[in-house]
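Next up is one chain by itself, shown in structure tokens, the form predicted alone.
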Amino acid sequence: MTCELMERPRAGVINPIFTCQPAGAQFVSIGIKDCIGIVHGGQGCVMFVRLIFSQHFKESFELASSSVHEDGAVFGACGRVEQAVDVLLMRYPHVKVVPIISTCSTEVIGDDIDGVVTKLNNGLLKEKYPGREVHLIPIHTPSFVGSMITGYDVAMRDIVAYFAKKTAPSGKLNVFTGWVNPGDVTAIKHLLAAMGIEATVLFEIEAFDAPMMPSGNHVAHGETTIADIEGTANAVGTMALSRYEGGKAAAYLEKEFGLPTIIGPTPIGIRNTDTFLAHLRTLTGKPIPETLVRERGVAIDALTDLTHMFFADKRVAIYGNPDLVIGLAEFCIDLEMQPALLLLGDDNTNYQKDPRIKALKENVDWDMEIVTNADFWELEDRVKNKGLKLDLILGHSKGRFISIDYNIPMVRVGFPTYDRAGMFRHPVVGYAGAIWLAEQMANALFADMEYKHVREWSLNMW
């Protein structure tokens, strides 16, 4: 029995699991108050990404484009950035933060967005917008390398590096959530509040639901302020929940300002939530209260009701964001399940060094494959042609056709989830997330048992 880490053997991609780097940078931008990012590239580089966000969150988001056309691709398109900044500032008087996010086309033609920012700071902003607070931040996210995960990581680091400044100690803890849902932010803030920890949460997307009010509709946007990001340099320490989504920003603060820093694990399941709370205690000195001990006990009781009877030896395939996938795999193992296939959809070479993956390779006693730079054909080919038997799939909505075509139950988790309602409201982190996630998996298995008439006797009551 082995656990093997391998890269996708094919050169071509068949149905990608992730989208590209600029998407991650755009997600960072919509987490910041008074911020609208300009994507320097073709119109589709914004339109399709904004569509994915809107489908997932069922909300509208403001993102801008420099709308590069054929002439810009040939002769250079820096002038489009200048026009885009001017139009954006005229149309949105409240905007203070403008990340300028590069794409594959503008990186290939060599547009100097750093130089454009210097030119605009010395020219347009002084001449046309004197006295107005505007921060233009170049973000380099070429689409031909990395993924939306690395784009998020790079953008977060660059924005934190731009704003963070050392002043007086704040007594707060930095908590970098990574690519999570609003429900996850609520759950994380609950754990912090229960421990009496005052924290700066990046990014504050808890209020992504934009209300319909008598005064008019609102556009969804995050609530992390410039002052919040500036104050990250003055924290007592940094807790980054994800190694690959915020780890670079945490490492920057540690190196530049000497902040005590702990990166990961993502608090998915009992084990990782316990570790998260222990890390919070280490960084802040705050005790873990009895209320959380009881909350943990409730979660363990809920999982015990399901584990041995229904989850034991169930074979699972998991795909999506790497920190999410690894956390879900660890959670499934704790539930006596057997993750058979983990798909990590980008070309990050650091997975080889990840201690969590090393632990899986050393401790798993069944056949497991971890495929990097993976696509959905890696899953379908194993099910269709190589005899992989699965009881459950965990992942976002793009994999649903494999579930449908091969009659394998599936639980939607991760981004994007657009064929189920309200999933972004529910956490997968913390003790509450462990309960919700386990019950979702159990219910998917129960429905499948009824549909296929397999072990349905175990659901009967005499």
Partner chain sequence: MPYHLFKCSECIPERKEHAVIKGPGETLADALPLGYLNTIPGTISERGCAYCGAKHVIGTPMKDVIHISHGPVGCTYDTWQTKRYISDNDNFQIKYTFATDMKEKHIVFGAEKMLKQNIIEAFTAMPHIKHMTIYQTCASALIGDDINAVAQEVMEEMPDVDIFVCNSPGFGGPSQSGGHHKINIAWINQKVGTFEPKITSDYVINYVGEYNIQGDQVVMDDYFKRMGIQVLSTFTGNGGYDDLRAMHRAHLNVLECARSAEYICNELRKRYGTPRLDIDGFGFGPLGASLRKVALFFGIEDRAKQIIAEETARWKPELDWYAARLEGKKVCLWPGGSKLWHWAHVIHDEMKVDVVSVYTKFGHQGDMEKGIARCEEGALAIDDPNELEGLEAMDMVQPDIIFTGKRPGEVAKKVRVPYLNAHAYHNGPWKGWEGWVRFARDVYNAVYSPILELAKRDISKDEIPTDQGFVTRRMLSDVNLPEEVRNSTELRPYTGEFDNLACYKDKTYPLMEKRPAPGAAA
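It should be emphasised that the depicted structure is a prediction, and the values quoted were computed from it without experimental measurement. Numbering follows the first chain given and starts at 1.
The same protein also exists as the form predicted in complex with the partner chain; that form is not shown, yet it is the one meant from here on.
Though the partner chain is absent from this view, in the predicted bound form it lies within 4.5 Å of a heavy atom of just one residue from Met212, Ala168, Met309, Val293, which is Met212. None of Arg412, Lys398, His426, Lys33 but one reaches within 4.5 angstroms of the partner chain in the predicted bound form through a heavy atom, and that residue is Lys398. Within this chain, Asn272 is remote from the site of the partner chain in the predicted bound form, having no heavy atom within 4.5 Å.
With a 4.5 Å cutoff on heavy atoms, Arg80 counts as touching the partner chain in the predicted bound form.
Contact between Gly433 and the partner chain in the predicted bound form is not found at the 4.5 Å heavy atom cutoff. Though the partner is left out of this view, Asn373 does reach within 4.5 Å of the partner chain in the predicted bound form, counting heavy atoms only. Not one of Ser242, Thr349 and Lys361 comes within 4.5 Å of the partner chain in the predicted bound form, counting any heavy atom. Only one listed stretch (144-152, 182-190, 350-358, 229-237) carries heavy atoms within 4.5 Å of the partner chain in the predicted bound form, and that stretch is 144-152. Residues of 97-111 lying near the partner chain in the predicted bound form, listed in sequence order, are Cys104, Ser105, Val108, Ile109, the criterion being any heavy atom within 4.5 Å.
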